[in-house]
Ligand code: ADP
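As a starting point, one isolated chain is supplied in structure tokens, in the form predicted on its own.
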Amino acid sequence: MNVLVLNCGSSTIKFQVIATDLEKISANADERLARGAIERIGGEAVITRETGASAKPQKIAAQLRDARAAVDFILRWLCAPETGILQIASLADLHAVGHRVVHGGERFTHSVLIDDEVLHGIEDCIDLAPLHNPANIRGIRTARELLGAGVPQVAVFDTAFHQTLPDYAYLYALPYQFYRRHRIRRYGFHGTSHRYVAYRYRQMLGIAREATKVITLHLGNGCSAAAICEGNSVDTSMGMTPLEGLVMGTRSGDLDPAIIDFLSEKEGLSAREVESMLNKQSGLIGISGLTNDMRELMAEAEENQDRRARLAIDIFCYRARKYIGGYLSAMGGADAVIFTGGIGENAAEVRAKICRGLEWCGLSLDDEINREMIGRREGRISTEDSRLAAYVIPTDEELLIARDTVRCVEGVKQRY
């Protein structure tokens, strides 16, 4: 089954085509046929694309006025003879579409085949994710229009993996009627990433799902931590929105909520303007005043001894270490800490700084292996005698979306 995976944002679309089926999933023999991204949709879009046989990605520009034009461009490129994907000669060779959907609320606890009822359910969650769900819905409607209603589509929710949180972990200490009226609670995000690396960890070690007790750190421009016990998410750092939790590229993470009213009064800002600042102008870029790119901050701190760049890195790592400590306490210990995401997979110095000070719980990094663990490599980076192990496992959300799509189409019951 050739599965088109779409991750549609407000002005970007990331895509992959993965050939897989139930037999390939069991054998870990999925085949990636193509991947790419379209940015700056609505004008002169920047398109990056590559096939499984490509030596390197191609980058071009094209005028793409909206999401429909962007998806149409992707489909035409996939089917063009010069693209060279032998398995795809026409649209008929795309057998299903898997969509990343950011928010499924309390309704969607697993990936589901999309019909009109499911689409209405995703629309009902727009209040919870006003920036993301509308873009995801546009992607679904566009794929249905261009490929036809006969091609099955599947929604894979960022929030679904965290629906196993107990009530004492997902409820806020607000008057209870606000949860009943408005479903104000912790939902968590990056669920597909946390779920994948926990799966990959137990596959690497050959252990059962019920024996999995780990802390996963998805560190990129967006960052979150998850406590996973017996294979289930039992706590996570992001809350009702992705703003809560760790320090991120442009998001503040945890803060005193009274700061919002204080800044509003002192700076003459509306609550919406303060919220926008917390989401888009805070975190690494807010502290450093330079950039939200961890690579650039590390270079500034190393080469120019920039104090605020170093401070941003220190705060970022300190917050992550606090969450590890909190989750170790909440779960009564863990077997491993797993790093993933762009920063988690590639920034050895950040991993070392986060782990420094966790020797009390038995975590000791092997500095040489940690430095060498770059790119798409995976493996253990702690010493063999560490009671608490540390691993780097590159995430692969698109693969999990493709696999979920196959399972839903084939009617196979999923276990998260």
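Values in this document were obtained by computation on a predicted structure and should not be read as measured data. One-based numbering along the sequence shown.
The same protein also has a form predicted together with the named molecule, omitted here; what follows describes it.
Comment: 288-296 is the region of 156-164, 126-134, 288-296, 88-96 lying near the named molecule in the model of the complex, near meaning a non-hydrogen atom within 4.5 Å.
Just one of 41, 389, 347, 34 comes within 4.5 Å of the named molecule in the model of the complex, counting any heavy atom, and that one is 347. 342 is the sole member of 105, 152, 342, 326 with a non-hydrogen atom within 4.5 Å of the named molecule in the model of the complex. Shown alone here, residue 239 lies farther than 4.5 Å from the named molecule in the model of the complex, counting heavy atoms only.
At the 4.5 Å threshold, heavy atoms of residue 221 reach the named molecule in the model of the complex.
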